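Let's start with one chain on its own, the form predicted on its own, as structure tokens.
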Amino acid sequence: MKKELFANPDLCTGCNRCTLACSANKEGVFQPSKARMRVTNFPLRGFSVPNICFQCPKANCLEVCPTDAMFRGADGVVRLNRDLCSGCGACVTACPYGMVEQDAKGIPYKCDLCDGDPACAKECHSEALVHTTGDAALFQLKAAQMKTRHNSGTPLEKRHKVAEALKRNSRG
């Protein structure tokens, strides 16, 4: 059975170990701003929400790509072929969760689940991030999270809106 990445905001401590592990794995630096997943912290309100790519079954980022640089691999993960990318940014605008961004050269980057072994989930000791085949409760949580789509704003603004909605609707 296929494993998926799940995020449970009720368990997130906001430690950012996941973003450090992600950026170290993908970019070779401990720099959360280069991570493929993010944590939205609300320090004055005492909560944090992990933002992840849902690898959408009907992925907007993939559908708007004019060069077919975004593609779905045999494992179901949406990936980028950097050689085909024109840097137009359509995928960044299309993602309703703010989980596709562009680097300094205009090339987008997003989560590819670390080829099936996500560094973020391995580093999450609170189990706010888990990479598993899932159960009914996790799939229900993911489905509810995927309903919090935002079609306007920057990736940061979209992640913030999604995080606000997820925490508002959380069980904790």
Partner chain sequence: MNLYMGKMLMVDLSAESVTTEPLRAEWLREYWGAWGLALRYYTDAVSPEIDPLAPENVVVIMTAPLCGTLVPLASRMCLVSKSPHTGTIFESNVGGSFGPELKYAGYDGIIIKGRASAPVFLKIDNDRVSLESAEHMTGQGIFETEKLMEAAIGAHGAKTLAIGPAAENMITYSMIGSESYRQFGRGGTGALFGSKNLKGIVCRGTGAVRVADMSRFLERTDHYTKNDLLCDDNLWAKTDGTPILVEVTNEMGIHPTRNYTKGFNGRKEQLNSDAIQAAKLGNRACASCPMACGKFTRVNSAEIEGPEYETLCLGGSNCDIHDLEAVIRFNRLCDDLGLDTMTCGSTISLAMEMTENGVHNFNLRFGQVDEYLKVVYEIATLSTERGRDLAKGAKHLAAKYGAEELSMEVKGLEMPAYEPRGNFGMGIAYATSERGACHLRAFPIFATDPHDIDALVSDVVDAQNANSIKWSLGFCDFWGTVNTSIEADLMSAGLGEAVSAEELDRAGERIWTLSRLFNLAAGFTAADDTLPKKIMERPLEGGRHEGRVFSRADLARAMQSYYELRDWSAKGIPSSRKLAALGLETTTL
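Source: prediction; values computed, not measured. Residue numbers count along the first chain shown, from 1.
There is also a form predicted together with the partner chain; it is not shown, and the following applies to it.
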item: Check all three, Ala59, Ala74 and Gly134, heavy atom within 4.5 Å of the partner chain in the predicted bound form; value: no
item: Close approach of Phe54 to the partner chain in the predicted bound form, 4.5 Å, heavy atom; value: no
item: Interface membership of Gln31, the partner chain in the predicted bound form, 4.5 Å heavy atom rule; value: yes
item: Partner proximity in the predicted bound form: Ala21 to the partner chain, non-hydrogen atom cutoff 4.5 Å; value: yes
item: Partner proximity in the predicted bound form: Phe42 to the partner chain, non-hydrogen atom cutoff 4.5 Å; value: yes
item: Residues of stretch 1 to 18 in contact with the partner chain in the predicted bound form (4.5 Å, non-hydrogen atom); value: Cys12, Thr13, Gly14, Cys15, Arg17
